[in-house]
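Okay, here we've got a single chain as structure tokens, the form predicted on its own, with questions on binding and movement later.
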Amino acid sequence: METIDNWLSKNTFHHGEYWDLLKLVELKEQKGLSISLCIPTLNEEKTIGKEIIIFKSELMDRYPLIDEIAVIDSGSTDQTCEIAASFGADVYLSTDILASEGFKRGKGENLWKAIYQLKGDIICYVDADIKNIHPRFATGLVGPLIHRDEVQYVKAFYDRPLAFSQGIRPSGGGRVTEILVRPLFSLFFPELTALIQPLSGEYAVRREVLESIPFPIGYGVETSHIIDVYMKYGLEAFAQTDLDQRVHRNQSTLDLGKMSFGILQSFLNRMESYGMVDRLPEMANIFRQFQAEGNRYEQVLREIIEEERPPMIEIEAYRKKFSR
């Protein structure tokens, strides 16, 4: 498609384009922008310390690109919060943010509550399990937003080698994208196939966009975001940045199945809400998988409900805090 080719040539970047951090900081200050870095966590004590050290030392102390680094935690039972705080991050429990709205467990809940808690005009989300963390995971995402006012939402993409006990396998990852999301986008939203890794956990977004869209609290949050932003602003609102490589822990096929089940729920809900299909039949929320022990096979049932938080702009406390 000509639209995709044009978009790829104009809106796909490499993190190396933003190597000059002094110029990036200067342009950020000229435009009067503030930037918040949000790391959602749940039991990430092995990697969170290194992430905080690198981001704070390089992007706050050495180059004042990031104005705040915050960990939004879902209730870790390890030392995640203590480690993050000891290295200088602001640490918040999701349960304590907007307590009047209650608490729902899920990554999407943390991302949603970060909009209320953090101050930045731009919020950059970075997952907490990155083993090869580097400043590019932030600079490569906020760079296009600082340089181009029309860009609203920047997604990361990268090679995703999988870490095993035997070492690093040179290829792999992105399995849910290629098996589920890309086929769905190809069928119903062909322009969105231009996004190389729509499910990446690293992205930077302008506050005005984040506050205007709903947030599924579970696995469907990234897919729903992309559809909602696309329907509201069009493909030109997006950009994507090549971050080279991301090393992270591997997920089992069973876990990927649960993720796919939640994503599919959110996707079908979006199709119905935008009038792309007639009324859907009532969908079951029990995901059924099997486990085997010897010659005995047992079906494992898991309830997965893609609940959604409303657009933050609809929350009175948020409107009052940010004078909306």
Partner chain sequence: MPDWTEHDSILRSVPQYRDKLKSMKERILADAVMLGEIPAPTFGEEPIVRFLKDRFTENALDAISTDEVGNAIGLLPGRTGNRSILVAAHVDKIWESGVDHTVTVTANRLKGPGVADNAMGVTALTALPNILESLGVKLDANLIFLGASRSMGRGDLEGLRFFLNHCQHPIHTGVCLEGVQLGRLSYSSLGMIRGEISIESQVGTDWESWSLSGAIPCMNWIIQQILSIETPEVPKTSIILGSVQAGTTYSSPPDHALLRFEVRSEEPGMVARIRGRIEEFVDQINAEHQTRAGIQIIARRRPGSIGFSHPLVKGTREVMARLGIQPTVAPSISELAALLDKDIPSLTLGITTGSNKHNFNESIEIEPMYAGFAQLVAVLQLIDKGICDGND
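Numbering follows the first chain given and starts at 1. Predicted model, so just to flag it, every value in this text is computed and none were measured.
Not on display, but discussed next: the form predicted together with its partner chain.
Relative to its partner chain in the model of the complex, residues G32, D67 and R148 are all farther than 4.5 Å at every heavy atom.
Note on contacts: among I83, I97, L184, I217, the single residue with a heavy atom within 4.5 Å of its partner chain in the model of the complex is I83. Checking I54, M276, L27, L268 against its partner chain in the model of the complex, a heavy atom within 4.5 Å turns up for just one residue: I54. Proximity to its partner chain in the model of the complex, taken as heavy atoms within 4.5 Å, picks out 85 to 93 from the listed stretches 109 to 117, 237 to 245, 209 to 217, 85 to 93.
Although the partner is absent from this view, D61 contacts its partner chain in the model of the complex, with a non-hydrogen atom inside 4.5 angstroms. Taking the partner from elsewhere, K258 is found to have every heavy atom lying beyond 4.5 Å of its partner chain in the model of the complex. Contact annotation: K131 falls within 4.5 Å of its partner chain in the model of the complex, judged by heavy atom distances. A residue is said to contact a partner when one of its heavy atoms sits within 4.5 Å of a partner heavy atom; E272 fails this definition for its partner chain in the model of the complex, lying far away. Residues of 202 to 232 that come within 4.5 Å of its partner chain in the model of the complex, judged by any heavy atom, do not exist; none qualify.
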